[in-house]
Structure formats: structure tokens, C-alpha cells
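One chain follows as C-alpha cells, the form predicted alone.
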């Protein structure tokens, strides 16, 4: 068993900054689904009663005697106090409404943003476009929308401060998606792909028009929350979906500009990379060193990521959802040790769940993930 000479806070900081550490830190991406299911709380109840949902996460933390860090502090949204911040595009299906009371929220992808909207976005920018078309996406009155954004941020700040009392750092004080991710989920994967091939110049102009608002709103959110980190959601731009020439034009330049803008503010960026980005890994070496965490969900080859990104950025991941839900504790321990052996060598690694901890995660497997980081560090 490794001798612990660092606090959890120091260990997370050392991992992100690629400094020597006493052992590999553990920081699961944890929402309320697994904790609520494990505690026997219907998901609809955990969502409607925010404190009950949040403290179900805390109960899990206490039961396993803690872990080192949080990727996100809970299940609230770090919204800025503006109307546009409370206008989301797209529709979620909720437990107790469209879904059963114990089912996780589902995103219903459909074409809510039309190609005809592109000129407005180019001329108005992203925030003003949403305000102009507010009633299409969120027909509630503006005062009510702003109160909602303020409540969300207050909850988010509470969650961050709570974890501080446990000596645990939450890495992200703001959340944002890349322009391609935003347009793909609001236009649909099929329609955005048609745009890429049929009207590439206009699509590029739309993305450029979104960038300033994306960056400024994210920086404002991180300043309000007080946590100097950004959760940057990407999925649709990687090599799983498109060839590299598409990535180079419609995802990489915007991702790079966002990360550099956040780094200039002193913010780290946690790149939430769903799906397979293995072929995109060499591009990440052009991002600011020691200011980015590549958070992988088990689709990207994490061992190849270590080979490519060693000495440049921290890697987090990636116990597969299938393994933590269906595997045995022995299989989970074997995989975690392999991660620590290979990806954890020379630091720069945070052992985490692959994407969020799955609702069907077995508690005995989750305990093994936490315990392996405490007991195994051969380097």
C-alpha cells in the first residue's frame, strides 16, 4: 500500500499539472442516477428534491470513505444570470413525465434549429439569436427564466463549497459545448452532416458567430462559481463520426480557441470526449500544456492517449460502464491496475469512470475502483 504524503486536493492538483504524486487520485464523474438507484430513491424524487439527490452522492462518498476529487460537483447547472443562459435548445424526456419514475433523463434529438436560422445567428450572434427566438425554445417569461438561472448557480456554488469542506476539489466551475456539438444536437446529426457537405462556408460562418458568446458566457460562469475550470463537452467531432479533414475545419479550430481563451484566464479545461477520438489525439499536443484534462469514456484508446499525450496533458478515465455494471470485482480491479500501471506511470492521470458513473453500476465494483487507487501504486 502506498504511503500517503499528500492531501486529496494536492493530489488532484499534481495530477492535472503533471507533477510527482504519492499515488493516483480517483475522481468519478458522478451524477445522481447511480447514488439514487443504490439508495432506493426513485430518480424522479432525486431530481425534484435537489438536496435529496445531491446528498445521495454524499452518502456514497461517505460509504466508501471518500475519494480525491469531483469532475463536476453535482447535478446543478452553472448558469449565468441572463435570459439567454436559461434558453436551452432541444427537448429532454423526464422521469415521471415522458419516462418511468425511476428512469434517467433522456435527450430527444430532433431538428429544433433550422437551416433558415443560420443567417440570424451570423447577424446577431448566439446569445441574441436565442433571445430573439426565446418563445420557440422556452416560452416562460424572462423574470422566471432568470430566477431559474440564479437558483441553478446558487446550487452549483453550494455543491462546490460542500466538497471543499471534505477537502475535495471540483475541477469545473463552468460548462459549455463546442459549436459543432451544440449544432449537431439541435439540428440533428443527419442535418448537420448535410450542412457540412452542402453549405460548408455558411456553417463555418455560423460557428464563428457563436464563438465570442460561448467564450464570454463560460468565463463569466466560472468567475461566478469561483472554480477556475471548464467542462467542455465534445462528442460529434471525433474520428468516430467524421474524417480528419472535417475535424480540422469544423471542430478543432473552435475547440483550440476556446481552450486557449480559458487558459488565458487561468482556467483548466476538462475536455469531455465521448466516443472515439483516438485519431484526433495528435492535435491535442497543440493545446496549452498542463492546462487540459482529456476525459475519456473508454471508446478512445486510453493507452494510445498516454503514448501521444505523455508530458503534455493529464488524462482521466476510463472504467467502462459495461465493466462497472456487469463485470466482477476481480475484473474491475484488474482493469484499474492496468490503467495505473500504464497510464498512471509518471503521473498525469486521474482514475475515473468512463463518462458518468452508470445507473446500473454495482456497488461492489465502485468500491473496487476507489480502493484500488488507495492500495496500488507500483511506480
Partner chain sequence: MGKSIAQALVDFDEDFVLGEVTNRLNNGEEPIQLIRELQDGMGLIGERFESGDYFLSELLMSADLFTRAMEVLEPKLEDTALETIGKIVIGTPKGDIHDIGKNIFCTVAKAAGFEVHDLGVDVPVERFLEAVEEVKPQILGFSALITTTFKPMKEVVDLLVEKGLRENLKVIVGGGVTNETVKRHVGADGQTTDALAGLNQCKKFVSL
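Residue numbers count along the first chain shown, from 1. Just so you know, these numbers come straight off a predicted model, no measurement behind them.
Same protein, other form: the form predicted together with its partner chain, not shown, and the subject of what follows.
Note that among 102 to 110, 220 to 228, 206 to 214, 133 to 141, the stretch whose heavy atoms approach its partner chain to within 4.5 Å in the predicted bound form is 102 to 110. Within this chain, residue 122 is remote from the site of its partner chain in the predicted bound form, having no heavy atom within 4.5 Å. At the 4.5 Å threshold, heavy atoms of residue 21 stay clear of its partner chain in the predicted bound form, well away from it. Proximity of residue 198 to its partner chain in the predicted bound form falls within the 4.5 Å heavy atom cutoff. Although the partner is absent from this view, residue 242 contacts its partner chain in the predicted bound form, with a non-hydrogen atom inside 4.5 angstroms. Proximity to its partner chain in the predicted bound form, defined as a heavy atom within 4.5 Å, holds among 249, 290, 194, 147 only for 194.
Proximity to its partner chain in the predicted bound form, defined as a heavy atom within 4.5 Å, holds among 155, 306, 236, 254 only for 236. Using a 4.5 Å heavy atom cutoff, 190, 322 and 358 all lie near its partner chain in the predicted bound form. Applying a 4.5 Å heavy atom cutoff to its partner chain in the predicted bound form picks out 331 as the lone residue from 331 to 348.
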